[in-house]
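Below, in structure tokens: the form predicted alone, a single chain.
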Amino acid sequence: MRTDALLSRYGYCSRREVAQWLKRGRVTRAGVPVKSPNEKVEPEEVLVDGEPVEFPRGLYVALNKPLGCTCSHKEEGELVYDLLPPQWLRRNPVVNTVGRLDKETSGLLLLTDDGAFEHAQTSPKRHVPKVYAFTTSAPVPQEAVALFAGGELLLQGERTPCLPAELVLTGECTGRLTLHEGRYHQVRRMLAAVGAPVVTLERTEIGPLKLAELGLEPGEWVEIDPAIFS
């Protein structure tokens, strides 16, 4: 990879700024400053400002999304991307959320600059399980357990019923719901359909990842190994 392409790819600076970075000795290989933007280097070989290139083979992180953040690059208000280091937002390809959580839903969210990984995790064919903890404003009827598991619940405006989902009730108005698909506001719509509107909603698991085991406070993130989803 050319040095100018590396600095641009990983969000350090634009290609027009590369010459100044090199002139100041900010990029080194084996302790020797890289002099030319055309010089071929490997990301693992160089230091930028004395530090290794961050996520040289792709960015994969898990974030504990706080309430009030929107999973969008364009909407107004507080965005999930405001929680990330600014350099990440200059990477090319860009960093995106893997799927979305709505503004009033907190919990586990994946982010990556790897389009193939993003597609694999959101593909309807994969059926990656996701677990949500909820509270409702009215008791959830016991019959909802069998209804959701049977794969026969048809939501308003949908042409096909929801895939079988596992509902575990931990109280009259609390529980966990495991989905294997990702329809629009699905948890909220499913519970509303049985007369139990959602008050709070948190995603606690995605596939093998469990928020409780990651130890993340709201707004914190941690690197993950994408191979665990293989």
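Here the structure is a predicted model, which means the values were calculated and not measured. The first residue of the shown sequence is 1; numbering continues from there.
Another form, the form predicted in complex with uracil (URA), is not on view; read the next lines as being about it.
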Within 4.5 Å, heavy atoms only, which of K40, K35, R57, H185 is in contact with uracil (URA) in the predicted bound form? H185
Find the only residue in V140, V80, L101, L111 having a heavy atom within 4.5 Å of uracil (URA) in the predicted bound form. L101
Non-hydrogen atom contact T136 with uracil (URA) in the predicted bound form at 4.5 angstroms: no
Can you tell me if C69 lies within 4.5 angstroms of uracil (URA) in the predicted bound form, counting non-hydrogen atoms only? no
Please determine whether A165 contacts uracil (URA) in the predicted bound form, using a 4.5 Å cut-off between heavy atoms. no
Closest heavy atom of L201 to uracil (URA) in the predicted bound form, within 4.5 Å or not? yes
Pick from 148 to 156, 101 to 109, 119 to 127, 81 to 89: which stretch has a heavy atom within 4.5 Å of uracil (URA) in the predicted bound form? 101 to 109
